[in-house]
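Below you will find one chain, with nothing else, as structure tokens; this is the form predicted on its own, and questions on how it binds or moves follow later.
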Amino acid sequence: MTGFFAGRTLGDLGRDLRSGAETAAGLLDRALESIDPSLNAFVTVDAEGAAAAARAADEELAAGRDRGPLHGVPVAIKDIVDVAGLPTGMGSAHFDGYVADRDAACVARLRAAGAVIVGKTTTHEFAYGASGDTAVNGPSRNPHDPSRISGGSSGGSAVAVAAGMVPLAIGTDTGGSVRIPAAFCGIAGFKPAYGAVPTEGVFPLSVSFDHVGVLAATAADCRTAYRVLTRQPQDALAGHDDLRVAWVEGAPVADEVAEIVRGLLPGAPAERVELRELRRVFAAIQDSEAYEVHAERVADAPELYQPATLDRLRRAGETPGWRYVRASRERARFAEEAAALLRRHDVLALPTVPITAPEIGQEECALGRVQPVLLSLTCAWNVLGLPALTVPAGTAGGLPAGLQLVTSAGREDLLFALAAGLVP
């Protein structure tokens, strides 16, 4: 947490750029100086390309052309998202040497807004894991304790923001892959509603659940980036008094995490949601769709996978077709139930992850096997396609915990308004 951008918001940077106190080129230099290789946040740094973009951003500002709140701001991109001219390795030996020939749609929108792309961040192999510790280039490391996981699969993006290397990063979220590492690293992370940000140019994990999301130090900065990516105006956040907030129960949570997170919303009534059943639906659909993407690679070049990824894919390939069909039907039923719940309440709240960050390589915790535990409170909202935000809730044993807020599509500002009034 010693990088230049620690404690600096997008608003701070924008004021400095427009007052002349900083330049885009200077901010890029700060970003490059702040990269700590020991945390393994970045797999590719594009110093030359970023320098050209920063010079162009400075020239435009000097000429009176201002592209908005991300103009001249350094941004990092998860390494399953294509950036033209840079490798997209996806944490796997399968794509060693592959270089993208065009930008993903989300990257193109960032460039159009004047953002400076610094490089690509470490991902769990093919984004198929919530721990962030399985990749051909090794694990991304939690800046609060480098012996512990960052969370995944967007672990490098979370580490880059939390350690102050960049103020903003792009991640993807199929079952929690933005929110889990954001919570573990003590920052904010936002998964928009399904389809709100285009996934063109993003390597698929599970097409029914894949989302592009953002990670930043604050919820307000996530909102700013989200509005850029969805081409919405950067208007002021309206106040929302008397929000109806319900506390979601339905899966085990470690006592120390529950105490910290629940304390932020002590008066919220409890609602039970079938999180375990939603997790089962998630697993059947994700496994089927993930195996469809990888079936030929598993058959033709299994040795190029990390062992844990290969084992998981082979097990995924055993999912029977009837289970996928049934899960798809159950998904529709759960969506109806969630819609009814969100007619009674404006926002649903629960911990982002039920534990704090385990050690790298740890497979078991007090609540069970680590990988399923990590996803137990996040994957339901991918099944339902609902917008979900995680914000820092405090620490337990020196490690961060996150509060997760969920609402209906189109009501995203309720999440940001509620987050603005919370003080961990």
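Numbers for residues come from their place in the sequence shown, where the first is 1. Because the structure is a prediction, the values reported are computed rather than measured.
Keep in mind that the form predicted together with another copy of the chain is not shown, yet the notes after this line are about it.
Quiz item: Heavy atom within 4.5 Å of another copy of the chain in the predicted complex: which of 146, 317, 85, 302?
Solution: Result of the distance check: 317.
Quiz item: So which of 103, 210, 289, 346 gets a non-hydrogen atom within 4.5 Å of another copy of the chain in the predicted complex?
Solution: Looking at 103, 210, 289, 346 one by one, just 289 meets the 4.5 Å heavy-atom criterion.
Practice problem: Mark residue 195 yes when one of its heavy atoms lies within 4.5 Å of a heavy atom of another copy of the chain in the predicted complex, and no otherwise. | Solution: Output for residue 195 is no: heavy atoms all beyond 4.5 Å of another copy of the chain.
Quiz item: Could you tell me if residue 258 has a non-hydrogen atom within 4.5 Å of another copy of the chain in the predicted complex?
Solution: No, residue 258 is distant from the partner.
Exercise. Although another copy of the chain is absent from this view, report whether residue 325 comes within 4.5 Å of it in the predicted complex, heavy atoms only.
Key: Taking the distances in the predicted complex, the answer for residue 325 is yes, it comes within 4.5 Å of another copy of the chain.
Exercise. Spell out, yes or no, whether the shortest heavy atom distance between residue 310 and another copy of the chain in the predicted complex is within 4.5 Å.
Key: Taking the distances in the predicted complex, the answer for residue 310 is no, it never comes within 4.5 Å of another copy of the chain.
Quiz prompt | Listed range touching another copy of the chain, judged in the predicted complex by heavy atoms within 4.5 Å, from 291-299, 121-129, 244-252, 152-160 | solution = That would be 291-299.
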